[in-house]
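This document starts with one chain, in the form predicted alone, laid out as structure tokens.
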């Protein structure tokens, strides 16, 4: 049986009368990309925030690497290897590509962020940063300020920073947002190569990318999982076709 890295068990979260998550269960297994899709307002971001530690569930259990993480905050979960990217950028706009990734390398090593100048003269640190920059297809852009990067480049910088933290699993929230066709194709290729390094829970609206990448898909609607399965199973599911794929006449 494939090892389960992340398990969400019967998690609920309400804001007053609104049940943003209603007894949600899903898991993330070693070597896979598990996509979470659903209409705007379905509860996807609320679920990701609970997994990452920004919100605490009203009920249910979240396990990461076999450990109940209810008592851990976002920093502690990140130190365990839960890598979250793309919803709120951690990029420092006035820093260069290299400086941003060096900060992430320092974070992975538990080194204070206050000593950036020293880190930039540490060959081991800068080489580790340059490796992730190359992997994110940003080679030759090390000296460019983050504020001067194109949108797709900035997304890839965020990915390089996430990689530098050596995560055991990725939570990626809308990594294709705002990209054109070329950017989506490049990011799709990058993510496809990462699944065997760390499994990915992927929230994404670009259905072509989802269908190209996902090993499994879970569909969230009005706070509930209405279907979970392979790409072919989700494509054929009549309730999903009505609720999300827009096929009102689905049988």
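Residue numbers count along the first chain shown, from 1. None of the values given here were measured: they were computed from a predicted structure.
Not pictured, yet referred to below: the form predicted together with a small molecule.
Work out which of the listed stretches, 188-196, 207-215, 32-40, 62-70, brings a heavy atom within 4.5 angstroms of the small molecule in the predicted complex. In short, 32-40.
Heavy atom of residue 18 within 4.5 Å of the small molecule in the predicted complex: It does: once the small molecule is placed as it appears in the predicted complex, residue 18 has a heavy atom within 4.5 Å of it.
Residue 54: touches the small molecule in the predicted complex, heavy atom cutoff 4.5 angstroms: The answer is no: residue 54 has no heavy atom within 4.5 Å of the small molecule.
Can any non-hydrogen atom of residue 224 be found within 4.5 angstroms of the small molecule in the predicted complex? Because no heavy atom of residue 224 falls inside 4.5 Å of the small molecule in the predicted complex, the answer is no.
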